[in-house]
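Listed next as structure tokens is one chain, alone, in the form predicted on its own.
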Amino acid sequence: MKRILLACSSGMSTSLLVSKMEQAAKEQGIEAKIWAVAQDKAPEDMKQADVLLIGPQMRFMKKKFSVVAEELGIPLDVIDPVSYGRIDGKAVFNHALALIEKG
């Protein structure tokens, strides 16, 4: 089970992306829990995640979240703005998988 957390300003703008990522996971036969939260909830939810992806509009939070991610030993990155804009769930899901495998 891959556990992928998305964080954005309110957790709402990434909800459609979550649906598309879940669809991509299903198509690839990979069991995954994918959820989105507002940026203020991210540090707590990171304890249950294998990776954190930050919405491109929240890229300024990367440094703050990096401290928590290092403590928990999980990778994080900012979602590619093009993939985010296109709601390309497959691309974002595959990026999350690559980050998890890279560690």
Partner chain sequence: MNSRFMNQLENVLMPIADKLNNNRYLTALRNGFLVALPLIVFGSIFVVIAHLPFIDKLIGEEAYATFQDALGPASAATLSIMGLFVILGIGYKMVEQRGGESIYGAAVALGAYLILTPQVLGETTGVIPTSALSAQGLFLGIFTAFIAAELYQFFVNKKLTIKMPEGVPSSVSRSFSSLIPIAFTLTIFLAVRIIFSYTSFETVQNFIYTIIQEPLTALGSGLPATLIAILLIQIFWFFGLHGQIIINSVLDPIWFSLNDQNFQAFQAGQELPNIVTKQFVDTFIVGIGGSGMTLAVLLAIFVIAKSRQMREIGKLSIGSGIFNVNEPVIFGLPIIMNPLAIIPWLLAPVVVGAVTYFAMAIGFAPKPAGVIVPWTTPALLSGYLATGNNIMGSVMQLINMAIVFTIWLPFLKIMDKQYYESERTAKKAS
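Quick caveat: nothing in here was measured; it's all calculated off a predicted structure. Numbering follows the first chain given and starts at 1.
Same protein, other form: the form predicted together with the partner chain, not shown, and the subject of what follows.
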- Item | Contacting member of M58, I34, I74, V37, with respect to the partner chain in the predicted bound form [4.5 Å, heavy atom] | M58
- Full three-residue contact with the partner chain in the predicted bound form, heavy atom 4.5 Å, for P43, F93 and H95: no
- Please run the contact check for Q23 against the partner chain in the predicted bound form: heavy atoms, 4.5 angstroms, yes or no? no
- Exercise: S10 in contact with the partner chain in the predicted bound form, heavy atom 4.5 Å: yes
- Message: I'd like to check something about K47: if you look in the predicted bound form, is any of its heavy atoms closer than or equal to 4.5 Å to a heavy atom of the partner chain?
- Response: no
